[in-house]
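Below, in structure tokens: the form predicted on its own, a single chain.
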């Protein structure tokens, strides 16, 4: 049973997440021929304070001037 796992920051609406789940399932089915009922997809939301790149949180990065 394949498991697709998406990690993202919070902020997407429930509708947007449902659409993402449907489209990821469909893409996997199209690419592999798997049955849709066998494809698991999860979305994990991680706070910008708990996600870092190069030791700097996404919150800190967002506050830096462009």
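Treat the numbers as computed from the prediction; the structure is a model and nothing was measured. Numbering follows the first chain given and starts at 1.
One more form of this protein exists, namely the form predicted together with a further copy of the same chain; it is left out here, but the text below deals with it.
- The closest non-hydrogen atom of residue 62 lies beyond 4.5 Å of a further copy of the same chain in the model of the complex.
- None of the heavy atoms of residue 11 is located within 4.5 Å of a further copy of the same chain in the model of the complex.
- In sequence order, 23, 24, 25, 27, 28, 30, 31, 32, 36, 37, 38, 39, 40, 41, 42, 43, 44, 46, 49, 50, 51, 52, 53, 54, 55 are the residues of 23-55 having a heavy atom within 4.5 Å of a further copy of the same chain in the model of the complex; the partner itself is omitted from this view.
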